[in-house]
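Encoded as structure tokens, the following chain is the form predicted alone, with no partner shown.
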Amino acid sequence: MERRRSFPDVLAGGIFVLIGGAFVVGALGYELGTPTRMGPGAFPLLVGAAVVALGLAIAVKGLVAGEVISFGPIPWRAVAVIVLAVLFFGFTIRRLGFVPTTAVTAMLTTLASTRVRLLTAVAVAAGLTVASTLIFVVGLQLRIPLWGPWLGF
């Protein structure tokens, strides 16, 4: 009986364990509190422990019941456009403002796919911009200017 191992599953599980472990270690530097009155370190500790457990489950599955998966070509255009969109957002949010930065970022990430038409990308970008503005600026009251100084508002 031959056991097949899935290297991507083992690798992904290991990454989850490392990230979750980092959250657990970081959370231990804060007060944990009690179960009825949790401190600032309780939630990161719980989330980190859950991520570690998930990572262990994925790694064990990869070692026990792995399957061979053939990957297709890497979509370099999509990878590059998404990285560019994230960098654009990070570097221009304070200068352009939330609305234009979110709209351009959503447009770029939507156009990362070769199957999306321009009209669909514009509709998705508009919907995401409105939803993000309502959630983050109106609902959560983040102090991010809607329109930035580069636009003269």
Partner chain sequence: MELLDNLALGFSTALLVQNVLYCFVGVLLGTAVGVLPGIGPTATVAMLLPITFSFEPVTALIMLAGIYYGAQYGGSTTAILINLPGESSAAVTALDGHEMARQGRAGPALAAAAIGSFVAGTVATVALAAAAPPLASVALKFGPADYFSLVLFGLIVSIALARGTALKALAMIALGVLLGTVGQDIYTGTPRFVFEQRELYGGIDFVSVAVGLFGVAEILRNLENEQTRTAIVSKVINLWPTREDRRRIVAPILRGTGLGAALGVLPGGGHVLASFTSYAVEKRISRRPQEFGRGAIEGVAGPESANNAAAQTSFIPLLTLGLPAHPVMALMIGAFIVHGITPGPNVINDEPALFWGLIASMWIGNVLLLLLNLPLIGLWVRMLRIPYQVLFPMIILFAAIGTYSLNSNAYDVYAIAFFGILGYILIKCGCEPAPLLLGFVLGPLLEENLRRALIISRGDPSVFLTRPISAALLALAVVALVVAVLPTIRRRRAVVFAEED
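Numbering follows the first chain given and starts at 1. Predicted model, so just to flag it, every value in this text is computed and none were measured. Here the rigid core means the biggest group of C-alpha atoms that line up within 1.5 Å when the two forms are laid on top of each other.
The next section is about a form of this same protein that is not shown, the form predicted together with the partner chain.
| field | in the predicted complex, L118 touching the partner chain (heavy atom, 4.5 Å) | value | L118: no contact with the partner chain in the predicted complex.
| Even though the partner chain is not shown here, does A106 get within 4.5 Å of it in the predicted complex, heavy atoms only? | Although the partner chain is absent here, A106 would touch it in the predicted complex, with heavy atoms inside 4.5 Å.
| message | Since only the chain is shown here, I'm wondering whether L96 would be in contact with the partner chain in the predicted complex (any heavy atom pair within 4.5 Å). | response | Because no heavy atom of L96 falls inside 4.5 Å of the partner chain in the predicted complex, the answer is no.
| message | Taking the partner chain as it sits in the predicted complex, is V64 in contact with it (heavy atom to heavy atom, 4.5 Å or less)? | response | Because no heavy atom of V64 falls inside 4.5 Å of the partner chain in the predicted complex, the answer is no.
| Relative to the partner chain in the predicted complex, which residues of 72-86 have a heavy atom no more than 4.5 Å away? | Heavy-atom contacts to the partner chain in the predicted complex: G72, P73, I74, P75, A78, V79, I82, V83, V86.
| said: Taking the rigid core as the reference frame, tell me whether L11 has a CA displacement of 2 angstroms or more between the shown form and the other one. | reply: Result for L11: yes, a 2 Å-plus shift.
| said: When the rigid core is used for the superposition, does A106 move between the shown form and the other one (threshold: C-alpha shift of 2 Å or more)? | reply: Stays below the 2 Å threshold, so no.
| Core-superposed comparison between the shown form and the other one, G20 Cα displacement 2 Å or beyond | Moves: yes, 2 Å or greater.
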